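The data below hold one chain only, encoded as structure tokens and taken in the form predicted on its own.
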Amino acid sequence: MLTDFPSFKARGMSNKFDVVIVGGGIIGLSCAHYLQKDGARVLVIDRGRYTEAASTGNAGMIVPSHIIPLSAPGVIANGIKWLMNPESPLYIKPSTDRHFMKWLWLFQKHCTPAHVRYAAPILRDLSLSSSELLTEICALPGFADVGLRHDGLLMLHNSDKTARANEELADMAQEAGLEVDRLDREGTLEVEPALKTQISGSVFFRQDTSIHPELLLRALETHVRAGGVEIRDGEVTSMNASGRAVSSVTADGEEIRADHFVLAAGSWTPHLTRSLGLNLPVQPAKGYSVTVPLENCDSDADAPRFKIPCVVTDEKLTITPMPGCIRFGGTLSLEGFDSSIDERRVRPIRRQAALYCSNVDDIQTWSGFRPASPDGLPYIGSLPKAGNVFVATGHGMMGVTHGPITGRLVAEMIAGRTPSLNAEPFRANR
């Protein structure tokens, strides 16, 4: 739709772009996809790690079932309780950093039943819309091998406590109009006979899907490149403002001009918004995963292959079958940009993997920083003091789930169209 960006046709291949996107993960490339469809000349700038960042090593789950935000009642109490347990699923490192302290205060403020009731329908609509868009994207040429599967999700439980938690989630999901089945142990094993995890039952969310996130990212990169999007390795070091707008960015010493800018740099986005008058409260939430090749799994030739993605609720771990592998993931650590691997936190993941696969201790651990907002909702929209700059971050563990809808919303806002979803809850300065 060149009418949305008439300057594109007139400008041709000048040094000025319609849109510069900072960040080439699933969010940035989704924005590039929809902006490209509108006819924009788009440049994506990434620090050379868009195949290694939070978009690639995650659980690959597209989860409309996850309608409860991260900021839920009891999270802070559990974090304090688990502080001395090196294998706990949540770790909050004590810090006096003022940005972290403000984030933690805002997070605690949103850990209320009222906020859960407010956020649940917003997250439902965001996820369902995004899942539909992802299905459309994966029907395009070049996406046949990304592993999109519409098999649902099993939320497994073993203890009475987690069974009650899953039942409460199921009640909320059904009230929100999602398709849910409650299964006992036998019913769960009938759905997923390859399960070896100790369980008493599960909740089965039929509308959830899964994908291989790195294969999706590579296919999306190839697709947008073929459509004319330029992707450069580089680090944006400054946003160059002129009045209430940004005229250019500086990346590796080069000034790059554009009419609009999208900041989709994940956990690093606040470093860019601060120079534009907004202290965006986003913290890096580190997670781990171990991806085991199928040849290391199900050594018994007669054993059934794992097919349904699962969340092991008691241990807060995930199991996702993907093309050629099974990925085991979990833990959430709030400890700043510490990229070191704490093997104590990886142990529960490896123990779960060892139930299904051999030689799991020899598999390299992946870790990545998921951009977490304090209220569990993403930031999608323009900056109050720089109207031609848009943020797209704060998706936490839901980046793959919310990537496509985020891309479409950003493209609609930049083109001046009415967003297809109410964007008010995602305001950058809420």
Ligand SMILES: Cc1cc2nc3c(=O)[nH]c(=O)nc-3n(C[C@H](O)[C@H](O)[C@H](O)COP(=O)(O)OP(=O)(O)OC[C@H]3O[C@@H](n4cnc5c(N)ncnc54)[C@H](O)[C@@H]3O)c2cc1C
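So that there is no doubt, residue numbering starts at 1 and follows the sequence shown. Nothing here was measured: the structure is a model prediction, and the numbers come from that model.
Unshown form predicted together with this ligand; subsequent notes refer to it.
Quiz prompt | is_contact(residue 36, this ligand) in the predicted bound form, heavy atom dist at most 4.5 Å | solution = No, no contact at 4.5 Å.
Quiz prompt | Close approach of residue 385 to this ligand in the predicted bound form, 4.5 Å, heavy atom | solution = No.
Practice problem: Indicate whether residue 373 is a 4.5 Å heavy atom neighbour of this ligand in the predicted bound form. | Solution: Contact with this ligand, no.
Quiz item: Even though this ligand is not shown here, does residue 235 get within 4.5 Å of it in the predicted bound form, heavy atoms only?
Solution: It does: once this ligand is placed as it appears in the predicted bound form, residue 235 has a heavy atom within 4.5 Å of it.
Quiz item: Heavy atoms within 4.5 Å of this ligand in the predicted bound form: which of the stretches 227-235, 109-117, 194-202, 135-143 has them?
Solution: Going by heavy atoms within 4.5 Å, the stretch is 227-235.
Quiz item: Pick from 45, 67, 70, 405: which residue has any heavy atom within 4.5 angstroms of this ligand in the predicted bound form?
Solution: After the contact test, the surviving option is 45.
Quiz prompt | Contact at 75, 283 and 284 by this ligand in the predicted bound form, all three, heavy atom at most 4.5 Å | solution = No, because 75, 283 and 284 lack any heavy atom that approaches this ligand to within 4.5 Å in the predicted bound form.
Quiz prompt | Residues from 397-416 in contact with this ligand (non-hydrogen atom within 4.5 Å) in the predicted bound form | solution = Going through 397-416 in order - heavy atoms within 4.5 Å of this ligand in the predicted bound form - the hits are 397, 398, 399, 400, 401.
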